[in-house]
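Take a look at this one chain, the form predicted alone, written out in structure tokens.
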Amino acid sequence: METLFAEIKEIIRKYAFDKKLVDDAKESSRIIADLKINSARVVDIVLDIEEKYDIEIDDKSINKIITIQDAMNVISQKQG
């Protein structure tokens, strides 16, 4: 799980204005509120996750991704 966390942070980092916020992020960090990611960039993050993990994330699942942990959970569910 630690590797997955690091990989997701790396994906998010590409779209972050303040890289330090991402560097200091925890699993519970909220992608938009805490990491200051523009909501439009969340779509890019989801697309990158889909490509990296060869999964498809439906709209219902996208709406559940609030924190980094939520993203980790969706990936685990889709891969399992």
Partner chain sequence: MTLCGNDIMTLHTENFRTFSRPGASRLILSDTEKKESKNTAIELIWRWTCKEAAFKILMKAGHQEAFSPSQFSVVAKIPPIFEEEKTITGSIFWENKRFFFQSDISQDYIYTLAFNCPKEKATKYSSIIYNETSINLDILYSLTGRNYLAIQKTSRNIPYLSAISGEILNYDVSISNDEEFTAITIIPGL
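Positions refer to the first chain, counted from 1. These numbers were taken from a predicted model, which means no experiment stands behind them.
Same protein, other form: the form predicted in complex with its partner chain, not shown, and the subject of what follows.
Asks: For Ser28, is any heavy atom within 4.5 Å of its partner chain in the predicted complex, or not?
Replies: Looking in the predicted complex, residue contacts with its partner chain do not include Ser28, since no heavy atom lies within 4.5 Å.
Asks: Answer yes if any heavy atom of Ile66 is within 4.5 Å of a heavy atom of its partner chain in the predicted complex; otherwise answer no.
Replies: Residue-level check for Ile66: yes, a contact with its partner chain.
Asks: Report yes if any heavy atom of Lys20 sits within 4.5 Å of a heavy atom of its partner chain in the predicted complex; otherwise report no.
Replies: It does not: once its partner chain is placed as it appears in the predicted complex, Lys20 has no heavy atom within 4.5 Å of it.
Asks: Mark Met72 yes when one of its heavy atoms lies within 4.5 Å of a heavy atom of its partner chain in the predicted complex, and no otherwise.
Replies: Contact with its partner chain, no.
Asks: Could you list which residues of 39 to 65 come within 4.5 Å of its partner chain in the predicted complex, counting heavy atoms only?
Replies: Contacts from 39 to 65: Ser39, Ala40, Arg41, Val43, Asp44, Val46, Leu47, Asp48, Glu50, Glu51, Glu56, Ile57, Asp59, Lys60, Ile62, Asn63, Ile65.
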